[in-house]
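Listed next as structure tokens is one chain, alone, in the form predicted on its own.
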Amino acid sequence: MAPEGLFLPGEEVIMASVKVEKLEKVYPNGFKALHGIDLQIADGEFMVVVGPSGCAKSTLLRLIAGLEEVTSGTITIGDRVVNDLDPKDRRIAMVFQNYALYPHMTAYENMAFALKLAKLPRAEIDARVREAAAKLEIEGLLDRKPKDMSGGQRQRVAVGRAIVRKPDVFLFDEPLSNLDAKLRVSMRARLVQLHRELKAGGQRAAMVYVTHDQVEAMTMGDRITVMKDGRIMQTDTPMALYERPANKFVAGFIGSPAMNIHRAGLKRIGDQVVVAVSGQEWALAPAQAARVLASWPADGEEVWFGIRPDSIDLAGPGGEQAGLCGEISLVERTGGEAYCYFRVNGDEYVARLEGSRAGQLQPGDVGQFRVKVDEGHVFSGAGGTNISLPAV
């Protein structure tokens, strides 16, 4: 048998899911970082954990890795509860934000180091290192030391060092945050492609990727877990989070530009529901109205209405179908798209427009905008629950 976490040629690789149940972490000073987390990551799944700084997403990753002790709850990898196992015995490989390469070793030596400690045959070590280097397109860097490589190259070596171990679980802790914007885009595409290649080659390791960047989350994950204050707000596919946010926090965090969310009022007229927001009144679509009626907020409870920038467009000629009229404060043109910011009765909105639709709009102009109310969301003040979503 190979040492724990490493596999010899022909040896069966155990396909492992990750299951976290009622996980809590309390530090000696009494601070509670995690509050009863439940999360299941399937074999071969690319799970992104996203949230603002301080939400304990990295703490969750470090507990899975065994770098911190669990206060209560269980972590299961495959069919083993790993709470009491050392990191080296959990069959995981971790890629850090700061690369953590040995500066005195070449890229080849960094990638081969753990395999040498495990006393794998030299030919097997060489084959693994060169195969990983080919996947990451760093064959020409194997003789270089970290100081002679760019940040992106060093990060690829760090990923290669994880790949050669053939773990059950890859853990990524904000691995791209030190790279410039252009390199981040190319590296996240490469990591997604690498995940697919590994699965196609039979290495169906689960990947858990922590980031504070919701664009990374939306473009990389099979599913996304959104965290806030040590709790999971929602776990779902990227488009489900975007189109069906479970609460006001997820709605505001996922999406760029963020969802327009403003205080609102509700009026019930028979089977109809009218939402009053920014001095306007709109009737909800029948299906929306039925769902809101089924979860009608208590008297005096605060209510919010949210609408994505994609669901706001310029009104037709003469202002037909106008839902909002406001003074434009900023137009950001990005080529094929333009983001138009405008104010209505003190509330700021942003609309995502086709570049050609934005035309000659300038700050100070008064714009007439059409709102697709049936694509909006109603959030209760109590916890910010989305009361306009269909029942699951």
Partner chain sequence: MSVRATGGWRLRKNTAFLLMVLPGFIWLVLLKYLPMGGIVLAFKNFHFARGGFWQSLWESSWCGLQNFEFLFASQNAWIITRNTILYNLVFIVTGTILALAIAVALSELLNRRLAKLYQTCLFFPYFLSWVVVGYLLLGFLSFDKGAVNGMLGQFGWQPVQWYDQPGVWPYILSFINLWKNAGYNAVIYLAAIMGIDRQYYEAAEIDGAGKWQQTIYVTLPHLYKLIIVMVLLAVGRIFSADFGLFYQVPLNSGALYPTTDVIDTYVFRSLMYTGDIGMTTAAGLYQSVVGFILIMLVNKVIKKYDRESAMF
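Note that the coordinates shown come from a computational prediction; the quantities given were computed from them, not determined experimentally. Residue numbers count along the first chain shown, from 1.
The next section is about a form of this same protein that is not shown, the form predicted together with its partner chain.
Given that its partner chain is left out here, which of R196, R122, K147, K182 has a heavy atom within 4.5 Å of it in the predicted bound form? Checked against the cut-off, the match is K147.
Using a 4.5 Å cut on heavy atoms, which of V210, I92, I254, M227 is close to its partner chain in the predicted bound form? By the 4.5 Å heavy-atom cutoff, the listed residue in contact is I92.
I need the one stretch from 261 to 269, 244 to 252, 197 to 205, 108 to 116 whose residues put non-hydrogen atoms within 4.5 angstroms of its partner chain in the predicted bound form. In the other structure, the partner sits against 108 to 116.
R161 within 4.5 Å of its partner chain in the predicted bound form, heavy atoms: R161 belongs to the contact set for its partner chain.
Would you classify P87 as touching its partner chain in the predicted bound form, given a 4.5 Å non-hydrogen atom cut-off? Result yes; P87 sits at the interface with its partner chain in the predicted bound form.
Could you confirm whether R165 comes within 4.5 Å of its partner chain in the predicted bound form, counting heavy atoms only? Result yes; R165 sits at the interface with its partner chain in the predicted bound form.
Check S186 for me: does it contact its partner chain in the predicted bound form (non-hydrogen atoms, 4.5 angstroms)? No, S186 stays farther than 4.5 Å from its partner chain in the predicted bound form.
Its partner chain in the predicted bound form - contacting residues of 88 to 104, heavy atom within 4.5 Å: Those in contact are K88, I92, A93, M94, F96, Q97, N98, A100, L101, Y102, P103, H104.
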